[in-house]
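Given next, in structure tokens, is a single chain: the form predicted alone.
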């Protein structure tokens, strides 16, 4: 697909983005621009998420997509990734806001996710020229767009000082509701949502806590008592279609350590010399892409 440039004076420039204090003078898009007319909810959180955070992102993105909402996130590792995937699990639509140009996708391991979003009718947006690389100052700039384009922001995990908190601050400035999924108080990744709840932002236990606030409706007794149905093996519903001719060579370093004999996750960490969060991320992507499967006891095996 071709890159489309939308300047701020153009009628197709998003109205809610134009209304913020420092809107981009122009944005670049690839994909379905009609999604900019949809009601959208941003889902953001930690790059090094817990298993709990992953399940929350996948399930809430899927459930909200089923209710007709477009899911916005930042294509980062962790919660962003699972939010985009959750939307596509329901065949819903998702918008990825990038901190880089379209020819320099960041992180590189999400190149295929980016392509899958576009292929499945989603949209990618950036304010940067096609060959601009991601740099530290671009991430908070990206985050203001994530907040501005949505009806509200759902926070799923985030350390005390993090990009998640910056995005929440943007949402507060723009008058957007901030929704928070509570975390275990011993979980450092739960500091941001828990602190935001203490500050008076909206605690979320099911999708109606979000939908009714956006639609300015009161929750019914049944809705208040509802607990969101969590699907534990949600990734199994969606296997990526690898957009490469050589399907036997996935671009994840840990793959070489996974053979026809099951291997424990701790052994993969030791052999790959990678951080446990990186290993968990690559394992998830390899499962989604159909290269490996997870067995009991956190062991993994190649698919034949």
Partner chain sequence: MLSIVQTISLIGLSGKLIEVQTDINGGLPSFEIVGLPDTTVKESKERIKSAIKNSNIDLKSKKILINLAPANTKKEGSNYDLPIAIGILIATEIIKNPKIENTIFIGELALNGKINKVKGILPMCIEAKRLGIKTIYVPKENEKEATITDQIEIIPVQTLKELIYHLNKIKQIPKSEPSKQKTAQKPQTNNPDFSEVKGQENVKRALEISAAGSHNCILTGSPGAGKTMLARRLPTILPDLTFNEALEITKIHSIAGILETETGLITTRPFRTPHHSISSASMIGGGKIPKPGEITLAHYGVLYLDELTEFKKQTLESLREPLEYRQVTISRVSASLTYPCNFMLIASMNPCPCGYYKSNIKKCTCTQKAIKKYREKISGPLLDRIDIQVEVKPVKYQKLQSTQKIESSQEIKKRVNKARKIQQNRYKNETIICNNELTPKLIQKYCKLDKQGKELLKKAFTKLGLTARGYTRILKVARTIADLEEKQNIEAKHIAEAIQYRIY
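In this text, rigid core is short for the largest set of C-alphas that superpose within 1.5 Å between two forms. Residue numbers count along the first chain shown, from 1. Note that the coordinates shown come from a computational prediction; the quantities given were computed from them, not determined experimentally.
Quick note: we don't show the form predicted together with its partner chain, though the next part is all about it.
- The partner is not drawn, yet in the predicted bound form one stretch among 257-265, 49-57, 63-71, 31-39 has residues with heavy atoms inside 4.5 Å of its partner chain: 257-265.
- Taking the partner from elsewhere, residue 272 is found to have every heavy atom lying beyond 4.5 Å of its partner chain in the predicted bound form.
- Taking the partner from the other structure, its partner chain in the predicted bound form has no heavy atom within 4.5 Å of any heavy atom of residue 5.
- Although the partner is absent here, residue 276 lies within 4.5 Å of its partner chain in the predicted bound form, judged by heavy atoms.
- Not displayed here, its partner chain is approached by residue 283 to within 4.5 Å at the level of heavy atoms in the predicted bound form.
- Looking at 275-300, the residues that come within 4.5 Å of its partner chain in the predicted bound form, counting any heavy atom, are 276, 277, 280, 281, 283, 284, 285, 287, 288, 289, 290, 294, 296, 297, 298, 299, 300.
- The two forms, fitted on the rigid core, differ between the shown form and the other one by 2 Å or more at the CA of residue 271.
- Fitting the two forms on the rigid core leaves the C-alpha of residue 284 displaced by at least 2 angstroms between the shown form and the other one.
- A displacement of 2 angstroms or greater separates the C-alpha positions of residue 258 between the shown form and the other one, with the rigid core held in common.
- Between this form and the other one, the CA-CA gap for residue 53 and residue 275 widens by 3 Å or more, being larger in the predicted bound form.
- The distance between the CA atoms of residue 53 and residue 291 is at least 3 Å shorter in the predicted bound form than in the form shown here.
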